[in-house]
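Read the single chain below, which is given as structure tokens and is the form predicted on its own.
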């Protein structure tokens, strides 16, 4: 392998890793606030790309029916919960949050079906359809089990993944789709040809990572998320509602997943089940960060992208095996660090 090939593979890996960064950050965000390892995260990214592809083909995306059904289930569950608690004055608010607002994007998508919208509006409609999915799934599947163990929440997350993957097969069929590129422009950098799409993917990862940092450090809601992630009981004692913080975390993560799908759609063909592999690779990056550290998670996700690129060059048939095998030394390293901390804590207590 010469230097030119190594540079091309590194650039390709960084571009792919940028998508993993967005998904990994969302995974860490949800886990740190709610203790849920959100397995269907990659499915949301795939839904985003497939939704945009359906819009570009002039079809009504099946995502419309997914959002409507989830909204109806969430509204029924919230209504029953409020009636049981005798908190009837909050019913109008529940109808707004779980009925009206989630159904606005499906209504817009239905009204604009078959219309030749500009690319920006197509992406906006697709993203608006994706945004309610994760918060609604949280209300239906995870909030009733908020006090359950992490293992139970993981089992539920896996079940949700299979349900969403099956619905994706029903809505979009088994064939793969690739969305239209945002731009076909390209430029040369140090002898390497870089397309605008590749630059946009990397820039999006950098920009949204920076925005997340600013959000957590300089906004009240961001600080409330940090407080909930650090200590749920303490956050509740100072007036922060963990349920509201969890909903906000799922909403932000849904935005990251939707954006990831819009960015990756033009560069790779996505199928109904492609999201699981994407989410799993991003999860490797999240594990490198210990499901806690956002900067380390971002670096880990980029490393996963680079590793996948070089593995694909040497043996494309084994690239998935090589990437997922990296989990073994990573988990051993994390286990060693955790064990060291536990021993130090025992010595201090003794």
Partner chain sequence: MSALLDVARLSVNYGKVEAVTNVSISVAPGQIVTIIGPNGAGKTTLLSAIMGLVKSRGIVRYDGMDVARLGVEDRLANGLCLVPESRELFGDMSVHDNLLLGAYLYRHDATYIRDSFERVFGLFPRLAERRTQIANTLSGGERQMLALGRALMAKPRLLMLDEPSLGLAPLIVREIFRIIASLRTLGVSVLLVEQNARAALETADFGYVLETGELSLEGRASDLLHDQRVTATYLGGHT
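Owing to the predicted nature of the structure, the values given are computational and were not obtained by experimental measurement. Numbering follows the first chain given and starts at 1.
Here the subject shifts to the form predicted in complex with the partner chain, a form of this protein not shown in this document.
Of the listed positions (189, 120, 211, 237), a single one reaches within 4.5 angstroms of the partner chain by any non-hydrogen atom in the model of the complex, namely 237. Checking 105, 99, 266, 242 for any heavy atom within 4.5 Å of the partner chain in the model of the complex turns up a single hit: 242.
Not one of 7, 10 and 176 is positioned with any heavy atom within 4.5 Å of the partner chain in the model of the complex.
Contact check for residue 233: a non-hydrogen atom falls within 4.5 Å of the partner chain in the model of the complex.
Though the partner is left out of this view, residue 92 does not reach within 4.5 Å of the partner chain in the model of the complex, counting heavy atoms only. The shortest heavy atom separation between residue 224 and the partner chain in the model of the complex is within 4.5 Å. At the 4.5 Å threshold, heavy atoms of residue 220 reach the partner chain in the model of the complex. Screening 123-131, 105-113, 250-258, 78-86 for residues having heavy atoms within 4.5 Å of the partner chain in the model of the complex returns a single hit, 78-86.
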